[in-house]
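Each of two forms of one protein chain follows alone as structure tokens, named structure 1 and structure 2.
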Structure 1
């Protein structure tokens, strides 16, 4: 075959998935969707691209900058979806607003962001997740958190834990401080990166009362695995009713989590800031020992659906399929990483020699759920064994007139 080297390879930030890697990816997504459906979530498949102004409706400046935009032939600006939450909110706000609430949706597919490729994330990456729309209760928030923990258990990340924050607490503080935009950005930056020098610089350059300064200084301490002392400490630092209401809401969510028996999987961190632009209440990330970045994240977004239609509170989570697969590979150890992709071996590789009775048996195996590959190139037994050896099949089956004979690929054929 002649290769035309003028044809460029695939762009940076995307990847081909095939054979075993593609199989594992599809199987993981199938397990997640099956779990979501058992919790009453219905499938949704939003478009891969939409009008850019819709996807940017309440996105943060960072997320807007990462969106892939392009012009349609009519001159309108379109964009590839950078996440699933906004398209689902748009669907509910414009088409399903008069259906009974709450509404539950689950999804899986590719999203696109123009960022530097990194471990566990390309510019096209996969997400699987759920959105619970039309409920503002602690029970709704807890359901998403418990489902996240169960989903990670289901796929094999049983040591994952959830770091839970509360955007309303931070917003209440920022409203009270009434900072200049540059000052607010400096404080957020310091908290997001847990930088003591940056926080000290913010305090040195900002005029605050002694009580306000004490609250800001103690913010980085409001995190840990035991939530009750953290909430008690935070309660002493509240500067307004919004901060108090945020803590009361968080306490109610923790009570529900305790009822589900998953409270030991949750760390509270009131400096946890994951703001895609639309979060209004809890935010959270799921972390695993294998990775230094989250495998899932989500939160409450009570103001997004109203951008497209009637008001509807909502909460959801997105699980990073690529990152889950990377964490699973690392948990299995270096020996589990194949040097090159390998096909997934079928349950049976058979030589039927065209016998109708053999083909009938093949169909019976397939109806029983077995993966059966029939030799279609007319190979004889030795050539078939060579093919099987090359693709990783250890046993083949040959029709011998009255039935199939099991023949080892290695060793002498019988």
Structure 2
């Protein structure tokens, strides 16, 4: 079989990253991992593919449908990881269950989903995130939220905002209302789409007590940038202990967030019901003005680890590396360096003429962390100038027997 690589060099949904774009990507991932480690998170590198049934353990139907599956030689079905949370839960559940809790893990790498490439994301896209396993407290939830805000801050998205929900509030309400499945779908749809007519239609078509009706009518108001009044409003609407417990939990989390001084970065939304499969408590998304899509999402998943071993509550976040990069590029505006990619220019481009003293100097610079590129094609000074101009190097250094001489490269880069 012959493939004409000029016509279809790579399949749809994957990308080559090179030069400055690849450098930025690696640097961003390195910064995130470095930050996660300062919070006590240990590195983990799960396999790129594993048993499909493991990865699908508590995935939502959408995520299941998006998994890349293939057959192993023995006929079992494998899949490329669509996210990192399940592999980490599997690792802890099957192998590390007796290590003292809590356990903290951080990761970065690519995941694979069969979706339309969108908002900076290909079918292979990158996530960096953390999982905090074996802690159920508001402090644990708050740690993940603060770390998310800190991470987005660190990478330059200073206007990022976190929208925090607690799905037990709405689930408590739905349990209490005990709706027909079609009615429940209608209510969820109305809330998810923020559709006032759909909510009105639901209310018109569903038999509810006066009090229940009042609660549902006021649900859309339970979100906004000022969390405390929303919780106060919501506390009037509780129909059972589950809903009350959800609010008490959120209030305790907000206290910790206030202690960290990040309360102003968090919106509360009690109608947030993204159907993500494994989440059981808080859920959240991070938004930033540069992008119409969330740059991070996460939540509490207390029932996932027990699928693989002894029970352990857990909470985590995944940051969308591709979307962060896109948002950063947007914030720099068109015409920025990242908009027209180039190789990262070396700090020094040198002609050594093979002199050992020159090479020693070059090595000293490199060991000090400078990027030093040595001419290896035997170019003379003029040819080296032409090369430097072409690749965007502004100064070159030539060895003159007793030291390097700095030679400016005239003219515009092409």
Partner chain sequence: MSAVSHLRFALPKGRLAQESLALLRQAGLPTPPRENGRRLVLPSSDGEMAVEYVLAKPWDVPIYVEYGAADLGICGLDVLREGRRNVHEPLLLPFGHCRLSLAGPASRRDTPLRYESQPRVATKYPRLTRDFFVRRGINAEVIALNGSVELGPMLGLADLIVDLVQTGSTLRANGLVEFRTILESQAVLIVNRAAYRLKATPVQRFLARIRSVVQAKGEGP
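Source: prediction; values computed, not measured. Whichever C-alpha set is largest while still superposing within 1.5 Å between the two forms counts as the rigid core. Numbering follows the first chain given and starts at 1.
Trainee: Between the two chains shown, which is the form predicted on its own?
Mentor: Here the form predicted on its own corresponds to structure 1.
Trainee: With both forms fitted on the core, check whether the Cα of residue 199 differs by 2 Å or more between structure 1 and structure 2.
Mentor: Yes: residue 199 shifts by at least 2 Å between structure 1 and structure 2.
Trainee: Taking the rigid core as reference, does the Cα of residue 291 move 2 Å or more between structure 1 and structure 2?
Mentor: Not so; residue 291 is displaced by less than 2 Å.
Trainee: Compare the position of the CA of residue 158 between structure 1 and structure 2 after a rigid core fit and state whether the shift reaches 2 Å.
Mentor: After core superposition, the displacement of the residue 158 C-alpha between structure 1 and structure 2 stays below 2 Å, so no.
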